[in-house]
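Next comes just one chain, in structure tokens: the form predicted on its own.
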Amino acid sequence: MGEPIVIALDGTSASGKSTNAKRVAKALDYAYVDTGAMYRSLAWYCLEKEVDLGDAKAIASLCRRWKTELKNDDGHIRLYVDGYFPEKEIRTAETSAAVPVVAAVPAVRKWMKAKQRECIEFGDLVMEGRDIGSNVFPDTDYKFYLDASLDERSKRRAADGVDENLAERDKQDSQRAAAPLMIPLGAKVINNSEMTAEETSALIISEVQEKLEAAG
């Protein structure tokens, strides 16, 4: 048995990372990892513990001390906090607003990178995020970067009932000092502004299968 395969799906907010990562994972029977949910869990936990979000040291300290465990829930690798997965809590507007702040803390990114790399214990993965191909698994041969026009991504967020300033989020993600959002070296860039999820995931699956066959 060789090393587990990691398919890295990076990209901007509302570019279809989650939808397509789930579709690809299901089609290939790989485990699915939403790294954004991990950052959201820490943001939620900071709010729960009333940590000052303006204090990077306090955020880093909490990240070092919180009790977490990775679990495979029916093919979804999730980060449990004190034995609990805050599925609904991490999707609130309050948590969403805290995520970019928490995610910009270098010590947090270092901790998350180590935890996300542990996910290969569960076998072949489809991992989505903002720095998977550039920082977490830079050596993987299966890198994809999803994007769409700001107008299209804003429409998608609105359709989900979410009010989010995507231009500001893009700016925060791409300008942070630690592991900023960027197109990973060697990644296939897919602009899916005018593509359906079916078309996007089919393109990714086809590319992966071609590489797998070429690799023998």
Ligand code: DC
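For every residue, the number given is its place in the sequence shown, counted from 1. Computed from a predicted model, the values in this text were never measured in an experiment.
As for the form predicted together with the named molecule, it is not shown, yet the points below apply to it.
Between 45-53, 59-67, 187-195, 31-39, the stretch whose residues reach within 4.5 angstroms of the named molecule in the predicted complex through a non-hydrogen atom is 31-39. The named molecule is not shown here, and in the predicted complex it never comes within 4.5 Å of any heavy atom of Asp147.
Shown alone here, Pro100 lies within 4.5 Å of the named molecule in the predicted complex, counting heavy atoms only.
Using a 4.5 angstroms limit between non-hydrogen atoms, Arg157 touches the named molecule in the predicted complex. Remark: Arg91 counts among the residues lining the named molecule in the predicted complex, judged by a heavy atom distance of 4.5 Å or less. Three-residue candidate spot Arg130, Asp173 and Arg176; every residue lies within 4.5 angstroms of the named molecule in the predicted complex by at least one non-hydrogen atom.
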